[in-house]
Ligand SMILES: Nc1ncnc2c1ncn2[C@@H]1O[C@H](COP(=O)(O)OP(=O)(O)OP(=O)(O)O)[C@@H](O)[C@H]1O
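The data below hold one chain only, encoded as structure tokens and taken in the form predicted on its own.
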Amino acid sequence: MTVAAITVENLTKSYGDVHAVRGVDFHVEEGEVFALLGPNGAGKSTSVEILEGHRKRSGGAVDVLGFDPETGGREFRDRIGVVLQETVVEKELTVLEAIQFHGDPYSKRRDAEELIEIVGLEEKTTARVKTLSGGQQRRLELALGLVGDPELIFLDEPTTGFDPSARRQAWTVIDNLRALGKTILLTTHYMDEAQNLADRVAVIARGEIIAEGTPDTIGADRRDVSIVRFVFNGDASVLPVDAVAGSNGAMEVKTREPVETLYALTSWAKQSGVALDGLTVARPTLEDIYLELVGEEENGGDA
């Protein structure tokens, strides 16, 4: 039997006539990595801040590790770790001193030097915070979120500013935390990050959850559609299939009959002497599903 670390029921948050969160429901199981995805202004950050106890809700019920975050107090904060998009860290402290300083309020804490190794800052142990690069600063913020050895960790855009190698290292850290039984609520703009790390994802738009599932099953009704992509610089109206401009200058055709579509397209290209560079056919990725879901919501909803 699974146990919920987070339960959210009919959560709302309004600022006068502005409804930032509108009846959100979801749960996060113990030991799970749960990704909350959504565009800026969707209500994602507001929802997470309510769960962290940093913002009061307007309505609904929230249970985090058996606490109401609004009234949980020190006992609640002692059991969670928070990595914000930006954390104020004393610039004159060394990396080691900053971790030790931020660990003081917790009843239990992880060893500072161990955390430095976990986040890959060994060579910066004695460097002052003000000398760190943006990516190194983000690694330090991740270490500060882990210093109290929390049961539940909120990671808000944890790899922003990381180069590809550092992002992969951060993913390994998060996987290791999962292996230790930690529960993680992750927000990210990187769909490959959610695909690789999350057990389940939820998409929020206009203050409402519009889809929820595993990275491989979310938007299940859309996954039987294949996407044919190719580069074509001519007039799209001459193509034998309905194609639209996609990313990276490629044309895209969404079809439930990929074999027929490819036959029509390649036969026409051969007869016309046209090269279809970069021709591929693939199932929709999590990013494809996400962009489609959010795009439909933004185009079809109220302002």
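Everything quoted here is computed from the prediction, not taken from an experiment. Each residue number is its position in the shown sequence, starting from 1.
Same protein, other form: the form predicted together with this ligand, not shown, and the subject of what follows.
K.L.:
In the model of the complex, do E193, V225 and K254 all reach within 4.5 Å of this ligand through at least one heavy atom apiece?
P.N.:
No residue of the spot touches this ligand in the model of the complex.
K.L.:
Out of the stretches listed (41 to 49, 65 to 73, 232 to 240, 258 to 266), which one is close to this ligand in the model of the complex, meaning heavy atoms within 4.5 Å?
P.N.:
Every other range fails; the passing one is 41 to 49.
K.L.:
Select from the listed residues R128, R178, H189, R168 the one whose heavy atoms reach within 4.5 Å of this ligand in the model of the complex.
P.N.:
Flagged contact: H189.
K.L.:
Would you mind picking the one in E141, E208, D149, E157 that has a heavy atom within 4.5 Å of this ligand in the model of the complex?
P.N.:
Flagged contact: E157.
K.L.:
Even though the partner isn't displayed, in the model of the complex is A282 close enough to this ligand, meaning a heavy atom within 4.5 Å?
P.N.:
Result no; A282 lies far from this ligand in the model of the complex.
K.L.:
Might H54 be said to contact this ligand in the model of the complex, defining contact as any heavy atom within 4.5 Å?
P.N.:
Close contact is absent here: in the model of the complex, H54 is far from this ligand, nothing within 4.5 Å, heavy atoms only.
K.L.:
Can L286 be called a contact residue for this ligand in the model of the complex at 4.5 Å between heavy atoms?
P.N.:
The answer is no: L286 has no heavy atom within 4.5 Å of this ligand.
K.L.:
So, A20 and this ligand: in the model of the complex, are they within 4.5 Å at any heavy atom pair?
P.N.:
Judged by the heavy-atom cut-off of 4.5 Å, A20 is in contact with this ligand in the model of the complex.
K.L.:
Would you give me the residues of 119 to 143 that have any heavy atom within 4.5 Å of this ligand in the model of the complex, in order from first to last?
P.N.:
Residues within 4.5 Å: none.
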